[in-house]
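Below you will find one chain, with nothing else, as structure tokens; this is the form predicted on its own, and questions on how it binds or moves follow later.
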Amino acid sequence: MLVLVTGGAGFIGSHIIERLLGSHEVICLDNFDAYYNVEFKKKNIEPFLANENFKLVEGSILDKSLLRELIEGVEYIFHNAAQPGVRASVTDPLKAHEVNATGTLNILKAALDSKVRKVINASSSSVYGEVKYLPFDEKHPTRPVSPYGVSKLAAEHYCRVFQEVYGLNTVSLRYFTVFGPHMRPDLAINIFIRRALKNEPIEIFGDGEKTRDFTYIYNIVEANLLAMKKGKGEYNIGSGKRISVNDLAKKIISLTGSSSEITHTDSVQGDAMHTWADIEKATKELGYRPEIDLDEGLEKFLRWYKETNV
């Protein structure tokens, strides 16, 4: 079975590919955008290059001709290509829209034309934004507080419309703050552990009382494999638990035996105050159950980080 993973050289995409290669032929599409060091992405896919079931294509989801050619014969698409970064989207909202909304529309049109069986779209908890109640269930109002959140919500709506109007099977997985080996270097857990191991101050934006539902990468990959077989519409994919950024920093300091101190700086525009996933729908309809919690995930990530960086 031939599958396409867009953004396949990235953090989440490369983990999905690793699992799929055992039983599927995989095309990885990535444009190696310089949002962060492309060498990280090259290392992510380096283990796959010798696998005869793996094909790397360097290109963009904005290239409609390439997509038409590439998707011919593909049965499933795991769509993870995106312009990430809430803060980056505040600086450059046009790029976030172009890649995340228009790029997704391009994928869906090419998938429809090529009779793809299903598109599994990577969405985000950022679609919720303003908190009306917690935890977020899928019926919670969607009022994003950043251009990134708006662009991911637009992508979800395109997926829904292509399902309802054209009959293309789609599912959107709303990821909640994913972490684990190969995660982006600009994300909090990576930064906090890097600083803790050097006994450097851990700087937190705002007062640190923002809360996040941190989700280990293994759980995210499992959700994608489940969504390949069943489900439609939108699903929260998180741990079902939350922790404040202050408590996260303290946990990492304790885990690493660090002497780092916690400092605070100005809050960043576009950051949601809280995220917390109600995963009941995903559990009932997909069979999703997060197996690795925050503590175990942090230990796994720390071991990997020390092996590869220290």
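Since we're looking at a predicted model, the values are computed, not measured. Residues carry their position along the shown sequence, with the first being 1.
Below, we turn to the form predicted in complex with a small molecule, even though it does not appear here.
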query	finding
Among the candidates R184, H140, R194, H97, the residue which, in the model of the complex, approaches the small molecule to within 4.5 Å (heavy atoms)	R184
Non-hydrogen atom contact I71 with the small molecule in the model of the complex at 4.5 angstroms	no
Proximity of Y36 to the small molecule in the model of the complex, heavy atoms at 4.5 Å	yes
Non-hydrogen atom contact V178 with the small molecule in the model of the complex at 4.5 angstroms	yes
is_contact(L286, the small molecule) in the model of the complex, heavy atom dist at most 4.5 Å	no
Among 47-55, 249-257, 270-278, 60-68, the region lying within 4.5 Å of the small molecule in the model of the complex by heavy atom distance	60-68
